[in-house]
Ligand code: F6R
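Quick heads-up: it's one chain on its own, the form predicted on its own, in structure tokens.
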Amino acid sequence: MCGIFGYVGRPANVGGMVLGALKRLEYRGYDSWGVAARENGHVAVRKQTGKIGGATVDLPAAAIGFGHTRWATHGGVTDANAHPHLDCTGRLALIHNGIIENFRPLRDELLARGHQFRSDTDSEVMVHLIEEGVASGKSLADATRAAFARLQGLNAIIAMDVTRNELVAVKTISPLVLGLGEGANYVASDSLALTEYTRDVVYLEDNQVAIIRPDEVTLLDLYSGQPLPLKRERVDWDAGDAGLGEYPDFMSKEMAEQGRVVRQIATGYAERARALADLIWGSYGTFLVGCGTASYAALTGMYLFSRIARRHVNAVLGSEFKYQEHFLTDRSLALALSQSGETADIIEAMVTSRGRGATIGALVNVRGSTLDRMADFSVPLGAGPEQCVLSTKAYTAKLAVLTLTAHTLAGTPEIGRELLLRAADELDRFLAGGGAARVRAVAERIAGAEHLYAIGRGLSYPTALEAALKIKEVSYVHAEGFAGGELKHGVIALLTEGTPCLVFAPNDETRDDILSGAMEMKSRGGLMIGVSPQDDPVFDIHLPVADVGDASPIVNALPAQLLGYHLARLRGYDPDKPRNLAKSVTVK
């Protein structure tokens, strides 16, 4: 989750450099931030709670420094708990992403030896362990190796020694990327923070230790200490793609880009869809694995493969997948869906799958991410940088790839392509033709609501779940999605007069049944908002969408995204940075 950026090189305005990089990583979500740099032979630290905004830091020019944005896990949101953390001497500093699961016994051990702790975090134990190693005569790298080997959990660590002018980085699962420059080198949690300075990167692998100095970067094996080769890669996307352009925020920009993304998949992914279809055809058990929004894309995929290709695939939550590993064999296909490619539960699920001999597939948006590199077969979503915490265009990209693949598996790839092209056109038309204004009017009418319910059946059931997630995570309106046939099994007890209810009613076999359920909700006071190609007397409000057949989940996602967006704006919330949430969930 945390944003990380470090620099070592020629003397520079390290404070400004680090703050700028951290602002490019704000999409990851955070509640406090801090910067550290060398000052008179010691570490100077500036840190505080809240967002960076227009903050500056009064640090001198320095040849080494790093910074961190924290999403609290252990210890409250306080200045003291913000990173970086210092050792007792003021010579060493540390930033950390992850959870040190055994920090309590380590902390007790260090306290007994006289170390003084300034925070309530699990992270601080690591800098004191490194301090002891350095005091015993070890190099920073060897001290960090020894300390990291004692940790339990999934972690990424960067240690800084200002007297030696070097950074040492090591990680397990949590992402770190090294940037290779001229007379300067860098490290970050995402290549997005590096492209202003270099396009040459090294993706740090698990249990590798990087020693970062101004003129060289060296890799060592965590356990043996033996040197490892650097695998240089080139970041090929334009950092300008990550800018706002004419848009007021990233959520509106990324919603508007969905037509382009779906069209790109329709016209350019035939070979990838064929290769993925062949993998599914050859597997004995296919599992679509995702977390949050990606899990609803996976669930939609389960319906798509059933209705289009007559093929059963399993949709599983990433965090629950390890409890179903007993079904996996060397003939299984575990297909992970992820925007970031760094979600800890997804990575753990794929590690479990590999241990059972399964083939690993990925639909992932970030090239070079942990998931992208570990997969046997990876399909890049090609959505471009997605910086709003809420996933929009990466979600519809996943749906597009799954739709095209299901039709390819069924022997009807041209039908899949035409459906996606129609869906792409309709996404653009909805935004340009007044659809956004209609949704805003709905948002204005229901902005004071405390609860909202969404219903769908069949292929629209996952859409209802995703719609509710989008609305609650950005506007903080309590929203829940339900299968339309489950209303009588308890759900209908929640309705009161005027409760807004989203009804997804495409022109498919579910229409009559879902309208019947909507009438039950309406008769109990619900305000019916129909997302449908056709109006119906049961709807109090109709949001017209095109009939695009099996691609309906792509088109129907947009009104729900817009509703969440406008509710957030009307209620005074930043749609890009919802509270308590992070874009890349790299802790379990």
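Since this is a predicted model, take the numbers as computed values, not measurements. Counting begins at 1, following the sequence as shown.
As for the form predicted in complex with the ligand, it is not shown, yet the points below apply to it.
Colleague: Exactly one residue in Gln339, Thr300, Thr121, Ser189 has a non-hydrogen atom within 4.5 Å of the ligand in the model of the complex; which is it?
Modeller: Only one option qualifies, and that one is Gln339.
Colleague: So the ligand isn't shown here. In the model of the complex, which residue out of Thr343, Ser475, Ser460, Thr405 has a non-hydrogen atom within 4.5 Å of it?
Modeller: Checking each option against the ligand in the model of the complex, the one that comes within 4.5 Å is Thr343.
Colleague: With heavy atoms only and a cut-off of 4.5 Å, decide whether Lys470 touches the ligand in the model of the complex.
Modeller: Lys470 belongs to the contact set for the ligand.
Colleague: Looking in the model of the complex, any heavy atom of Val209 within 4.5 Å of the ligand?
Modeller: Close contact is absent here: in the model of the complex, Val209 is far from the ligand, nothing within 4.5 Å, heavy atoms only.
Colleague: Going by a heavy atom distance of 4.5 Å, is Ser391 a contact of the ligand in the model of the complex?
Modeller: Flag for Ser391 set to yes.
Colleague: Does the 4.5 Å heavy atom contact test between Pro385 and the ligand in the model of the complex come out positive?
Modeller: Flag for Pro385 set to no.
Colleague: Heavy atoms within 4.5 Å of the ligand in the model of the complex: which stretch in 331 to 339, 439 to 447, 309 to 317, 137 to 145 meets that?
Modeller: Heavy atoms within 4.5 Å of the ligand in the model of the complex occur in 331 to 339.
Colleague: Do any residues of 285 to 316 have a non-hydrogen atom within 4.5 angstroms of the ligand in the model of the complex? If so, which ones, in sequence order?
Modeller: Residues within 4.5 Å: Cys291, Gly292, Thr293, Ala294.
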